[in-house]
Structures are given as C-alpha cells and as structure tokens.
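In the form predicted on its own, a lone chain appears below as structure tokens.
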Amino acid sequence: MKRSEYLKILNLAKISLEEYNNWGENEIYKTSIADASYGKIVSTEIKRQISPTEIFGSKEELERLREKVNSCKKCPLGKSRLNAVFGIGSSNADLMFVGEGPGYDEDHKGEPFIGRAGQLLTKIIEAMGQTRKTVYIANIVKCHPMIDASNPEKRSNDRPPTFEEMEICKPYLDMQLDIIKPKIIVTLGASSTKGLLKSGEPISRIRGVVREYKGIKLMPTYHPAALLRNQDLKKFVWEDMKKVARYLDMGEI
C-alpha cells in the first residue's frame, strides 16, 4: 500500500475516533481496516472484482441519466428549481443514502446535502469509516420543493415533497439504484422512507428496522435535520448506522 493511502486511513481513523465521543459511543465498532479506509481498498477474498470497463460503464450510465434529469420538466418542481440535484459519490458504492429533496443551498449549487444537515451527514459517513466519495448520496426528488415556488431566492422556503412528486421522480432514483447496485440503502427521514416503502408508519417506529426495496436491504433512520433540532436522536441514528456498517462488513444485520 502506498504511503498516501496509509495517511488517508490514519486521517479517517482520527476523524472516526473524534466522532465516537460526539455520538455518545464508548465502544469502537470493529471493522476491517481495508473496508474502513477511504475507498474500496479491499482484498479479492472480500470484494468481487470489477473490471475497469464495468466501472467506466456505470459512470457513463449515470452521466447519461444526469443529463435526462437536468432537462426534466415532468412536474412543477422542474419548472421552479434553479438546478436539478442528481446525486454524488461512487458509481460502485455499497452504501447509498436517500434523502427527501434538495433545499435552498442544494438548489443553488446542484449538489445534495451541503447545508447544515449535509455537514452532519458527512460526519456520520466519516464516523462509519467512509467518505462522501465512497458512498452515494441522492434524494427521492431531484428538484427543490418550495413553499413559494415563485421565489427560489427566498430562504426557509423548503417543504417536504408530496407523494405525487415522489412518484413522478422516483423512476430516476430506481435507475440510479439499477446502475450503482448498492448493498444497502439508508433512507433519511419520513418522506424518503414513505416514498420507497409506501408505509404510513411514523419514522420513530420504523427506524432501525431493516426492510427491502427492489431486493436491496433498506435501513430507515432519522434525517440529519431532525438531529439538529433534537440532539437526543443522535444515539438512535448511530445505532442504525452500526447495523449498516456491520452488514457491509459481515453480511448480517
């Protein structure tokens, strides 16, 4: 392994150790050093081998799909948003996070989860021994749901997507899943959870219980924005993320 790779692993370990205290955790989750590193530095015994052609093909497919999303006007959200927010991360990710929809910051930059909630999500990802480059982050709707759609420059103008909006946009997420083929999905908050599972159960009851979507394991948990409002929820999200990490490392929840 190159010296630069060791340094990245050590830096991630430092970040993770700092975050354990933040999350009220007193026991370090044990995972393989290779899988807890910055990317997919894993042995042939642990991971299936993926050819450069297959990786390139996935990236190429995602870019073609991104172009379709960027020009989509199938619902009113596409007509009022500033930028479509397609998704970001590895086209070969084992772990995929799905939120509800872009907010003000995301609409202006065209990248998911970059506001305060996004910064917290980044800390969660790093505490799991991953980075934003090794996972994939997307939303169930790709355009900004606004209270006042006539004023995209207005802050505090966010709202959850409606069921109809999610249904119209969900095929794009399904295509992302088909291309990336993650091992597990983490739905962040009630909207994305209900949109994929079509469940009316409150997120407080359904979180932490593994379900399936399109044959893929799915872990519902609280949205990072909820944690900013209520710090007591952090311990529940961390419990959920330890289950996800265990599944990725050992194949069991």
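Heads up: residue numbers just count along the shown sequence, starting at 1. In this text, all values refer to a predicted model and were calculated from it rather than measured experimentally.
Keep in mind that the form predicted in complex with a small molecule is missing from the display, and what follows is about it.
Colleague: Is there any non-hydrogen atom of His223 lying within 4.5 Å of the small molecule in the model of the complex?
Modeller: Yes, His223 is a contact residue.
Colleague: So in the model of the complex, is the small molecule close enough to Phe113 to count as touching (4.5 Å, heavy atoms)?
Modeller: Answer yes; at least one heavy atom of Phe113 falls within 4.5 Å of the small molecule in the model of the complex.
Colleague: Would Pro182 count as a contact of the small molecule in the model of the complex, using a 4.5 angstroms cut-off between non-hydrogen atoms?
Modeller: Contact check for Pro182: no, nothing within 4.5 Å of the small molecule in the model of the complex.
Colleague: May I ask you to check whether Gly129 falls inside a 4.5 Å heavy atom distance of the small molecule in the model of the complex?
Modeller: Judged by the heavy-atom cut-off of 4.5 Å, Gly129 is well away from the small molecule in the model of the complex.
Colleague: Please pick out the stretch from 87-95, 147-155, 100-108, 174-182 that is in contact with the small molecule in the model of the complex, where contact means heavy atoms within 4.5 Å.
Modeller: Looking at the other structure, the answer is 100-108.
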